[in-house]
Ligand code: PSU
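A single chain, nothing else alongside it, follows as structure tokens in the form predicted alone.
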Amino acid sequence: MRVPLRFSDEVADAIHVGRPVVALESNVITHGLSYPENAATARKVERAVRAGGSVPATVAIDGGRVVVGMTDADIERFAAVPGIPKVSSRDMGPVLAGGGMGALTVASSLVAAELAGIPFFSSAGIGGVHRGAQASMDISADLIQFTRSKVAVVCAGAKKILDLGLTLEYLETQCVPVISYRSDDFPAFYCRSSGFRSPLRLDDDDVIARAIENHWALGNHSGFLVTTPVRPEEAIGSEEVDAAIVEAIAAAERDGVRGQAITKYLMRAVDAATEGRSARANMAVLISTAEVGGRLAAAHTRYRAEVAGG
């Protein structure tokens, strides 16, 4: 049995002729900003991929099929319809069987990208090991999926609300390469630095393309993580965010917020503490990582063509 895929004409043509394509998650449309800002931001992200030299392919589930390349009408519909479920990789089978709509997270987007033959995916930030995971065992499915999907991920690190030290340790344990693009530090979403040094820094697009191919040529069927920090003028200071997170964690414990609800709770608390600046920075991160993803995917496609041409 093959999972049914529905390609947009543009994405199908790009894959057929060997143009670079970057997959994008649909969860940011349905569970991020409110309508119509969510639709406008999704279109800006797709334009950023194009500015980087690649074709965007926002992925979702609709009508029992994995959509690879949402049309403008798809984006508008997903942005306006309330209650579309967030679908992680473990949920894809039941949601496809049900025939409804589903917004894909980082983990499920990696599954969709690999099924579609798209080797690059861009996101604002990945999930990771949550603070207090020693007791809660709360570890994002994103980290597990990196070990299973042969897709290069371009992002601005992981959210500051996570335990970023343990997140890096987990990635090391699972042999997932972590490369920081033109930066010495592992970024933290809309903070330029998490306070942790990156395992490796690379500044050249072509070198990164070769590194990704080498990783897979060595027999690894796993992801490759490339981080790029938000632009300085759009970043928020780490100290300000840390203070808001400490207060929000205490409030969450008091209010009994746990499990999947904790991320949204903490992010909203940080947004309130920063008077909305974190939400604006979130949009900026989505766009900046998408442009870098487009550039790196284009470099990767050029390198594969050179290798194929001898």
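If you're wondering where the values come from, they're calculated on a predicted model, not measured in any experiment. Start at 1 and count along the sequence shown; that's the residue number.
Another form exists, predicted in complex with ligand PSU; not displayed. Remarks below refer to it.
At a distance of at most 4.5 angstroms from ligand PSU in the predicted complex, all three residues 106, 142 and 189 contribute at least one non-hydrogen atom.
Ligand PSU in the predicted complex is approached by residue 27, whose closest heavy atom lies within 4.5 angstroms of it. Proximity of residue 223 to ligand PSU in the predicted complex: non-hydrogen atoms within 4.5 Å are absent; the residue sits far from the partner. Although the partner is absent here, residue 130 is a contact residue: one of its heavy atoms lies within 4.5 angstroms of ligand PSU in the predicted complex.
Contact between residue 86 and ligand PSU in the predicted complex is found at the 4.5 Å heavy atom cutoff. Stretch 158-166 is the answer when you ask which of 210-218, 177-185, 158-166, 67-75 has residues with heavy atoms within 4.5 Å of ligand PSU in the predicted complex. Of the residues 33, 257, 267, 273, just one reaches ligand PSU in the predicted complex with a heavy atom at 4.5 Å or closer; this is 267. Comment: ligand PSU is not present in this chain, but in the predicted complex one of 171, 126, 116, 151 has a heavy atom within 4.5 Å of it, namely 126. Of the residues in 199-229, none comes within 4.5 Å of ligand PSU in the predicted complex through any heavy atom.
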